[in-house]
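Taken one at a time, structure 1 and structure 2 that follow are two forms of one protein chain, written as structure tokens.
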Structure 1
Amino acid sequence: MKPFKILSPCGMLGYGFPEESFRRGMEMHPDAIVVDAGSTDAGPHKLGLGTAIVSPQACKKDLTLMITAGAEAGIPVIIGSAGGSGARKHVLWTRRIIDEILEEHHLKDRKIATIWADIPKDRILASMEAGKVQPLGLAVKPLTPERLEKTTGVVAQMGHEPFMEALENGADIIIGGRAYDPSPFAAPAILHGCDPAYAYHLGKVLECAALCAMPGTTKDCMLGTIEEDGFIVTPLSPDRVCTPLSVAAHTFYEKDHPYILHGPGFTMDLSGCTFTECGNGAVRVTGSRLSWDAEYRIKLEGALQVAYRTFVLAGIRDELLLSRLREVEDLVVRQVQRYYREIDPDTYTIHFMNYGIDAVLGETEPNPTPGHEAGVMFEVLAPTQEMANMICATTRSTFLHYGYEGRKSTAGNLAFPFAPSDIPFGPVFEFSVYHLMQVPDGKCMFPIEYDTAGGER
């Protein structure tokens, strides 16, 4: 088998990367350029609202380099989890940017494959009734037909199979909807004949680009080379090196187990891996194992709107108030609730976060002692934006002038950095669907469409 090379420009499409690193990568004659564009890290509202993680300008800047270089070298450009959440809106957002690039660079003949990852609710409902939908994690709330109905839209993470089919059909550019992050990397390698264990393990490394190098970053390029019996990761900036420890440690990153990974249709075991230095900052990995699961299960993701928020940021410097901040906040809440006695207090939440005391860790904070100043963020969560605005305004004015016992700073308790002080945030979402669904195979839920920017199908 001829070694197969994949260039990963950055850990998130739109995060940017040094052009020199990318050019160095292209000089090494990669067989594909692959980038991950998705994440659930930023929370459920991107999926809920259909908004992107990065700006369209940043996405276009990265994609322009990738698409023009890919066309020049005659190699495919593959995007996984387009637009961040990989739903229809996000895929179309990415498509518009790509069309602009292809138009501007006279590349309208490039064959584009679009892979949709939206899962119809009636399909999920039928699977729920057949007992083929299971929550993924102890903290996931049960999925009822009512909660599914209220969920904005559901996507599923695809494996390598749809990407591979698009490549077999001659796609030059693949815009993948929501995907398991390593899948778009694994697909061209598996098609080439590489061991799927190495293809997916390399994908797991490359989806974060140079994060496994030292110093690690998602904003620089990395080259992966799969051989018969292992793979090599090579940083493409002279300022970075991989070490056996840095690559081994990366297998830990943002997943629940250090060496067992579950992907669509498979389980990977990296406990037998060896990591060896092979010069020029590159590291060779062997011993990755992968087994296909008896049942093919895909991970579903869906977001549900649960409230509207209005919030205020303020600073507190007075030592007496700092020393009894939590107590005063509780008194403020009680006064607001009394003022709005016509509104059931269970329908809204007034919530304080005291930065400088325990805002980040809450009750697990080992040292909740105030310093000389604190930043307070308080928010109101309510069923409508108007109600959140209204209660937040009352909370703000009550807190600002609250006459706690012994107060010396009688002109006001809060230093607002901004005017106006109250910021209507809009809707708040939660992940209502984070479930595994059993499906017949890796392709049937992910339809593919082919065309060109010129409109040819």
Structure 2
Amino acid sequence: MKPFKILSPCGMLGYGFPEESFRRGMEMHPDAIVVDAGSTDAGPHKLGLGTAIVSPQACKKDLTLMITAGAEAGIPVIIGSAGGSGARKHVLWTRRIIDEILEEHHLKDRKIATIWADIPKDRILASMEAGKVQPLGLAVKPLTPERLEKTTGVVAQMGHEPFMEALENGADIIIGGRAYDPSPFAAPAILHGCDPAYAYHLGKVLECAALCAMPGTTKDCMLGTIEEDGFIVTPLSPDRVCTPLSVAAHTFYEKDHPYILHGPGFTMDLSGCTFTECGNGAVRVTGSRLSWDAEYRIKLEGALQVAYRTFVLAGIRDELLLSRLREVEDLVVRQVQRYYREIDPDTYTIHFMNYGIDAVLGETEPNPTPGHEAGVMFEVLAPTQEMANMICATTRSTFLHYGYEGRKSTAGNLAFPFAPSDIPFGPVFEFSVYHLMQVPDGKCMFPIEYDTAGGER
């Protein structure tokens, strides 16, 4: 089998990458340029609101290099989870940017495949009634017809199959909706005849680009080469090297099991992998195994608006207050609740995060010892923005002047870095749909449309 090469420019489309690294990768004659554009790392807000993770200018800067280079080399450019969350709004946002690039660079003849990942609610409801939908993890609230109806929209993570179909039909540019992160990388390799285990394992490593290198970053390029009995990852910057440890560590990045990885329709077992240095900062991986599941399941993601948020950021340097901060915060909350006794306290939330003490780990922090100062961020979640603003303002003023026992100064307990101090955030979302749904195969839920630049959609 002829080795198959994939160029991964960056770990997130719009994060940016050095042009010299990208050019060095193109000089190695890759067979495809593939980039991941999405994530749920930042929570459900972008999906719920229909906004992108990065700016259009940053996305266009990255895509311009990728699309023009892909056209010159005659290789496909593949995007997964377009726009961040991969819903229709995000895909169309990406498509408008691509149309601008194709117009400006006289490449309007490029064949574009758009793969939609939006899942109709009636289809989900029917699957729920048939017992074919199950929660992904214990923290997910039960999915009821009422919660599904209130959900702004639902996407599903597609596997490699829709991307393969688009490539088979001659697509030069593929704009994929929400996808399992390695799938866009695996698709061209599997189509080429590569072992799916190595195609998906390499996709898992390449999805974050040079994060598998030392020093790790998502803002630099990597080249992956699949051979018959393994694959090689090669950094494209002279400032980075891969080591067996760095590549192995990234293999298990963001996973809940040390060597078992689940994807759409398959399970990978990486317990028998070996990671070997092979010169020039590259690492070779062998021993990946993949088995196809008896039942094909796709991961559903949907966001539900649950509140509005207003928050305040402040600093504290009074050692007396720091020594009893949680106690004072509880007293502040009680005073605010007494003041607004006409409002049911169960309808809103006042939440404190004390950075420098226990804001990151909360109650599980093993060493909650205050330093000489701490940053305090408190937020109010309420049914309306007006109520959130009102309760947050009262919380801030109460906290600012609260006369705790032992206080020596009445000038104020909090130092604010900004004015105004209260920041209305807007809508707050939670994942209402974070479930697995059984489907007949990997293509049926992901329709594909083909056209050229400026085509009707």
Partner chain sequence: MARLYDLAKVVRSKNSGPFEITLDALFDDPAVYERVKRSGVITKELIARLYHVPEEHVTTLVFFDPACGFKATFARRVSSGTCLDSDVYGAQQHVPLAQVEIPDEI
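C-alpha atoms forming the largest set that superposes within 1.5 Å between two forms make up the rigid core. One-based numbering along structure 1's sequence throughout. All values derive from a computational prediction rather than experimental measurement.
In this comparison the chain labelled structure 2 is the form predicted alone, and the other chain is not. For G272, the Cα coordinates differ by under 2 angstroms between structures 1 and 2 after the core has been superposed. Fitting the two forms on the rigid core leaves the C-alpha of E27 displaced by under 2 angstroms between structures 1 and 2. Relative to the superposed rigid core, the position of the CA of G74 differs between structures 1 and 2 by less than 2 Å. Structural comparison between structures 1 and 2 after rigid-core fitting shows the C-alpha of G406 displaced 4.0 Å.
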